[in-house]
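One chain comes next, on its own, written as structure tokens: the form predicted on its own.
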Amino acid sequence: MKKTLLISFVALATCSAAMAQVKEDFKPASTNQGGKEYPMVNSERIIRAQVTAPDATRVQFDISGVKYDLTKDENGVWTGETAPQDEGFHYYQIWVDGAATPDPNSLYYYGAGRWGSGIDIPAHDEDFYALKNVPHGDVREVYYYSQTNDAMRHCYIYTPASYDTDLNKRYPVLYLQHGGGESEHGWPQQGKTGLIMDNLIAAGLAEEFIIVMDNGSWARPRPAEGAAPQGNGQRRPGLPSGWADGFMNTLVNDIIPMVDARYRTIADREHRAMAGLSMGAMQTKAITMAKPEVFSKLGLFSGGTISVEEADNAPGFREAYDLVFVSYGSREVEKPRGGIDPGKTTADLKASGMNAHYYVSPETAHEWQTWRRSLYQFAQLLFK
């Protein structure tokens, strides 16, 4: 009994000492609603959250798959800190007595299949997506009719600053896709696409081009009635054949013709690229390998690679593509999934004669800072 008490006392003292060492240089997160002080972030990338819930018995701050208990004061205000977080953007939510809810202090972002809270942790390299006094393009909200789906659809389109002043100029186009559980809102908001491009173009590091950000959401079909349930240690089945065909048909038959009709594009495959993150990268791979007559450049961010064998077996692939870009966060490739090393696979593709590039985002995982950095690197290679 005495030993147990001693261990508990030491653990409590260690915890208290660690808390005492937290740097008190907290500042409101840039992703807070106007005038809201919490959540706050300090120079150690620790988040301090605060929630008013006088009648609650337990409140938790849930971020990056970890729940942190908050402590209640005499006024019913719950406060607490997290462990240090990776640089960049993260989704989070508040749990109040077992019920998940958005934080009323945060701006809302679409991710994880819902509108909810998000927080940006200051990054050492955030200058590349900072708001600066440079010429700014527009991120346009566009509605259009899709004959393929017999429905109205919605996308965002970035046009460079020169688009409305140099009326004789025509532009290449990048079709840029979001990840699973996200939507067309992801790249303009979480991804900061417009600011990244404005800063690159102003610095002379990238060519001017249009970026189309559409909704490629896809859901795995439900198992047929009577099919054996998945689970009990079984792996989920791989992607079914033709899983990307729905968005591919929408893209090729509706989105690209709409963009070429409404905007001053250079409407040929040499001036058309596609890229995406996670699920969007898998869509990009499936679509670009099936449509070499449509695209000439592709980028896969945290969503697969292209092997020499795949390039050889896809009709017209080698002849069509003059740029293949693959990227991951460093934490994603510490233990390659399925035994596949994306760096080696991309190096082998390059050695086989293709213009293949590989980028690793330092100290990030499957998250938006990886993909912001990936776009920053990829955009500098496009349409040179």
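All residue numbers refer to positions in the sequence shown, first residue = 1. Keep in mind the model is a prediction, meaning the values are calculated, not measured.
One more form of this protein should be noted, the form predicted together with a further copy of the same chain, which is absent from this view; the next part is about it.
Put simply, of 33, 330, 355, 64 only one has a heavy atom within 4.5 Å of a further copy of the same chain in the predicted complex, and it is 33. The listed set 73, 270, 312, 138 contains one residue whose heavy atoms approach a further copy of the same chain in the predicted complex to within 4.5 Å, identified as 138. The shortest heavy atom separation between residue 37 and a further copy of the same chain in the predicted complex is within 4.5 Å. None of the heavy atoms of residue 316 is located within 4.5 Å of a further copy of the same chain in the predicted complex. At least one heavy atom of residue 53 is located within 4.5 Å of a further copy of the same chain in the predicted complex. A residue is said to contact a partner when one of its heavy atoms sits within 4.5 Å of a partner heavy atom; residue 261 meets this definition for a further copy of the same chain in the predicted complex. Proximity to a further copy of the same chain in the predicted complex, taken as heavy atoms within 4.5 Å, picks out 91-99 from the listed stretches 297-305, 91-99, 278-286, 207-215. Proximity to a further copy of the same chain in the predicted complex holds for all of 108, 131 and 195, with the criterion being a heavy atom within 4.5 Å.
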